[in-house]
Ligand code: ADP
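Here we start with a single chain on its own, the form predicted alone, put down as structure tokens.
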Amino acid sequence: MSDLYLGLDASTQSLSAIIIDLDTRKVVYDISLNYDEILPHYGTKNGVLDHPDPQIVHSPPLMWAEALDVLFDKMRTEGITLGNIRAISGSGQQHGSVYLKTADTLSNLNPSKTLVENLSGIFSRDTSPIWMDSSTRAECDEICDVLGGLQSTASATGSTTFERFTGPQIRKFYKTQPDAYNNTAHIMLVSSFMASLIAGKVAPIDHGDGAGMNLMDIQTRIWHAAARDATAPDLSHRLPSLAESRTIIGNVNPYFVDKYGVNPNAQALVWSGDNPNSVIGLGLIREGLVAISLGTSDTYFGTMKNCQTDPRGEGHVFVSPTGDYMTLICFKNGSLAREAVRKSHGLDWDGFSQALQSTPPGNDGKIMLPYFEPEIVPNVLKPCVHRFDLDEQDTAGNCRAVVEAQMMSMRIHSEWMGVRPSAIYVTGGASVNPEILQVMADVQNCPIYQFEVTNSAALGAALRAAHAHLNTSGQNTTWENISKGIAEPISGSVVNPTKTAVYDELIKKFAECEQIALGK
């Protein structure tokens, strides 16, 4: 019988599971259950509750727990040999928080009842603020001021304070609901809450997800005393311990053994956030490997050995499950900007590609700053498209300018890492466009590989489970061995740089144009 490893992902809209068989290097089970569809009685839309204030975005933690029951029941009824699972880990949407009155129930779950029935009355707060919540600007400013400002906060915790981060959310809870805060014994993340259910005890928060709270010292990987005290009083005994991503909490909760037939000796690992898990699921296991997701927003994931933080506070630094550091930089004007240019010139995507083909690398010095929507990196509050030596009616010039701008912005705004990419794995809708990939390769001066991604966070969790189980059982293995044949780019998909010198010059002009546009 093959040894199987289960990775779960409690994302915003769904609970996913991937089971891998390392002997065959195959994913043997892959499923995603949409909360709105399987649990309509919670009244969520896209996994979140409606609220009259659009800045407040919460989800019910009971929904995530009930989805676990639905998932394990489905795996059992579909004939998955849960008795062969050797280890379980998982991923949770980063920054969401869960508030419990007590954790005593976790070790005494009754398998004749559902998780919802078992957890009745356990919460001091019925709903969980998640990463989409933007209602804590005042609390962000308060914490940031105590820690000495933007640069000091980023240097201490890995990121400056952001509305979605957990520390400011905890502070708002303490300020607005002091009685409920005082009635809270345990504050968990989505990841550690779900891990606590699987393990039957309060799970630690791993370093990767802890780094997304504005509460962990990014260098020492312990709770940052000043940040903790600036957040809320008596917080230290409400937070669980911090732990490495490979930490095994214990054997799986007997609830899942008795109810669903899970292997009683299966190891329950700490969970991590979706971004750290995706680093593993995308194979970013050594310094210099980068993944770029070309989606509605464009996202840049990078791996680095030494901790560097962004003095401008634009990028985030988390801890990778490998023990290294990872960065996440989000550019809001991704496909939003590419589509705006395409539509404004009446092109389909083939026409857009032809426009790129018809223009020279460097675009004869024509520059666009494509802030069609407020931008995150760099921080631009109001939409405004800037053109330098570029006519708005120049169809081909505008098509090339928007793509070159996006790639040069990524290069400029990742320089604080101190690590140039040696290879880039690219995902997302635009990753099928060879002309866009060629611009990326030339600007970044490194090979680009297409990466086919399905549930990268769940896959990363399954690989983490395998890595921890094998190493704790004496079968020492490396991340390279774990990832081989599973978390690798599409064979033969490489796009090599051909025209790099022109961008080494153009990027200087682009940086100057950006400073002008930002009023600097």
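None of the values given here were measured: they were computed from a predicted structure. Residue indices: 1-based, along the sequence shown. Definition used throughout: the rigid core is the maximal C-alpha set that superposes within 1.5 Å between two forms.
Absent from the display: the form predicted together with the ligand. The rest refers to it.
- By the criterion of a heavy atom within 4.5 Å, residue 349 is counted among the residues contacting the ligand in the predicted bound form.
- When contacts are judged by a 4.5 Å heavy atom cut-off, residue 200 does not count as touching the ligand in the predicted bound form.
- The closest heavy atom approach of residue 389 to the ligand in the predicted bound form falls outside 4.5 Å.
- Under a 4.5 angstroms non-hydrogen atom cutoff, the ligand in the predicted bound form has residue 432 among its neighbouring residues.
- Here is the short version: of 288, 378, 428, 313, the single residue with a heavy atom within 4.5 Å of the ligand in the predicted bound form is 428.
- Though the ligand is absent from this view, in the predicted bound form it lies within 4.5 Å of a heavy atom of just one residue from 243, 257, 436, 230, which is 436.
- Proximity to the ligand in the predicted bound form holds for all of 12, 294 and 339, with the criterion being a heavy atom within 4.5 Å.
- Of the candidate stretches 331-339, 305-313, 170-178, 121-129, only 331-339 contains residues with a heavy atom within 4.5 Å of the ligand in the predicted bound form.
- In the core-superposed comparison between this form and the one not shown, residue 142 has its Cα shifted by less than 2 Å.
- Once both forms are fitted on their rigid core, the CA atom of residue 436 lies 2 Å or more apart between this form and the one not shown.
- Once both forms are fitted on their rigid core, the CA atom of residue 453 lies 2 Å or more apart between this form and the one not shown.
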